[in-house]
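Below, in structure tokens: the form predicted on its own, a single chain.
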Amino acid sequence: MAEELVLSKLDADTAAVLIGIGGGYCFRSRLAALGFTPGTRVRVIQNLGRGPMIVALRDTRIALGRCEAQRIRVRIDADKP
């Protein structure tokens, strides 16, 4: 089975599947409204290792703060398109 990681650790052009989101109710609700739900495929567009990162999911690009990305648990997607 694939290893569980946090989104902030992934390199650019890496595809992953969202497993879960940590944090409080408001944070989880906001991300769910943006489309971050379990089972969703996410692709990292930009991750410079500091500052915000850009991810693509559901035909949308979203910028996430580093602390936000550290609360999102994913597993690497071996079926990358």
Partner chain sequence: MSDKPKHPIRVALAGQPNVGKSTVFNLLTGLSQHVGNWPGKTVEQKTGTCQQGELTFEVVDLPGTYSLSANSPEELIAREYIIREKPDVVVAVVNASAIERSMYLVAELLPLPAPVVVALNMLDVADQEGVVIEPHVLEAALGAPVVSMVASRGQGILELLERVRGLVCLGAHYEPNVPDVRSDHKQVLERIEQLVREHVPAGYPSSWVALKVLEGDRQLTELLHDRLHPEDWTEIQQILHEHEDAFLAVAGGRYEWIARMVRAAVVKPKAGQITLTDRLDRWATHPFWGLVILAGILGLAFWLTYAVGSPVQALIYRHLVAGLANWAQQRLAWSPPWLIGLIVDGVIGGVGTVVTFFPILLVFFAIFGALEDIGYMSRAAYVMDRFMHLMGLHGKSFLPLFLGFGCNVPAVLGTRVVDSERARLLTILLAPLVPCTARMAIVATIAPAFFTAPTLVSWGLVAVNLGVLALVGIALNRFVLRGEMVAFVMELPLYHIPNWRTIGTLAWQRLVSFLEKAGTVILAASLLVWALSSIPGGGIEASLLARFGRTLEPLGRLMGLDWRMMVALLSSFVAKENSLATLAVLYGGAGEGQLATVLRNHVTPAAALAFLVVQMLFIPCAATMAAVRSETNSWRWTAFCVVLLLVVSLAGGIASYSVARALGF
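Numbering follows the first chain given and starts at 1. Just so it is clear, the structure is predicted and the values come from calculations on it, not from any experiment.
Form predicted in complex with the partner chain: not shown, discussed below.
| said: Within 4.5 Å, heavy atoms only: does Leu64 come near the partner chain in the predicted bound form? | reply: Output for Leu64 is yes: heavy atoms within 4.5 Å of the partner chain.
| query | Does the partner chain come within 4.5 Å of any heavy atom of Val42 in the predicted bound form? | reply | Result no; Val42 lies far from the partner chain in the predicted bound form.
| said: Check for me whether the partner chain, as it appears in the predicted bound form, comes within 4.5 angstroms of all of Leu10, Gln70 and Asp77 - heavy atoms only. | reply: The answer is no; none of Leu10, Gln70 and Asp77 reaches the partner chain.
| Heavy atom contacts to the partner chain in the predicted bound form at 4.5 Å, residues of 38-59 in sequence order | Pro38, Gln46, Leu48, Arg50, Pro52, Met53, Ile54, Arg58, Asp59 sit within 4.5 Å of the partner.
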